[in-house]
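Shown next as structure tokens: one chain only, the form predicted alone.
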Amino acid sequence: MSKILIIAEHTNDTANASTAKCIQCATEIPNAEIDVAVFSDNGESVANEIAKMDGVTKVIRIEHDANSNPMAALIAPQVISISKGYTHIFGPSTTFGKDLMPRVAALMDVNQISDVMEILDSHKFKQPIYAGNAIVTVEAPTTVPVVATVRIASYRAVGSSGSAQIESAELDIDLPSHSRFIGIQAATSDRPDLQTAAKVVSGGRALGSEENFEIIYDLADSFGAGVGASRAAVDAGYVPNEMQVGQTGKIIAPDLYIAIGISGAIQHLTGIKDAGTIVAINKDAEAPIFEVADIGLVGDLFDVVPELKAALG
């Protein structure tokens, strides 16, 4: 039997969708027993939510004042303290997971497997390399725990008809003092989260300015979509870097992705290859984005986007 520990990503009030996708990945491992650890200062609501997710055997609440603002440097040693007996430790391949899981692997003195996109066997996985241009099969040793991040764009969230037990764990460890939470600066938005949105509209360098990017926001708001951007648009200062989609940004898998004024460099395509339907709007008929788009429209975005928004009502 494989005993799997998943590290939950959450906001202290609700679980991030990446947690349910990690669980889906874990359910594909034969004979899996899946526990989910919630590190928080008060994780009752999150634990109750995760306990209802299909496939979960047990939810472990680890509560400490230091977990009120999750920091990888403080959570990693707590993960180690409850890791005994687990054959696999999974976290999401999000900003949270990419910060935490390498620390866990280092403390356990094992190699991390990144971006698991398919389970072949309990210790055999597929993962993308070279910006997603190639897929490799890797096999981990069975003598040490598998520490891995899950490519959440490759999985759908599990359902919520489960009834896992919830238990609390008391940790008697000294947490490191070299890192401490000072504050957080983050953009706030009423729009859907980019990594979990079912519909995403992204703009590229062709917008020309931060002011012109407003037409992307207006279009997205007209039908409740999240908003992304190409690296070129971010580098040009049109939008903040948390909106970047692609190899060095966020890898997403919405049902609908609309790329406006984006040429389609391979680094950007890496971030959207799992999208359900890709729509491209670009005045360059030879733009690479049209090679992957399901629907393509050659035209000036400043003419097309207002017409599209009007058509949507």
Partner chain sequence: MEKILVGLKRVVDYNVRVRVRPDNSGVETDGVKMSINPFDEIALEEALRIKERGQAQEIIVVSIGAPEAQQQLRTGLAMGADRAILVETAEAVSPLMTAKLFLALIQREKPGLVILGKQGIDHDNNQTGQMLSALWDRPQATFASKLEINGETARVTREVDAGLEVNEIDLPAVVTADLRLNEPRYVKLPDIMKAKNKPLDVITRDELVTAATADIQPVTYEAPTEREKGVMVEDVAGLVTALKDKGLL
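Residue numbers count along the first chain shown, from 1. In this text, all values refer to a predicted model and were calculated from it rather than measured experimentally.
What follows is about the form predicted in complex with the partner chain, which we do not show.
In plain terms, the part of the chain that comes close to the partner chain in the predicted bound form, with a heavy atom within 4.5 Å, is 170-178 out of 201-209, 78-86, 156-164, 170-178.
Screening Ala197, Ile119, Ala140, Val227 for any heavy atom within 4.5 Å of the partner chain in the predicted bound form leaves a single hit, Ala140.
Taking the partner from the other structure, the partner chain in the predicted bound form has no heavy atom within 4.5 Å of any heavy atom of Ala17. Residue contact with the partner chain in the predicted bound form: Ile215 places no heavy atom within 4.5 Å of it. Within 4.5 Å of some heavy atom of the partner chain in the predicted bound form lies at least one heavy atom of Asp294. Among heavy atoms of Asp190, none comes within 4.5 Å of the partner chain in the predicted bound form. If you take 93-113 and check each residue for a heavy atom within 4.5 Å of the partner chain in the predicted bound form, you get Thr94, Thr95, Lys98, Asp99, Pro102, Arg103, Ala105, Ala106, Leu107, Asp109, Val110, Asn111, Gln112, Ile113, in sequence order.
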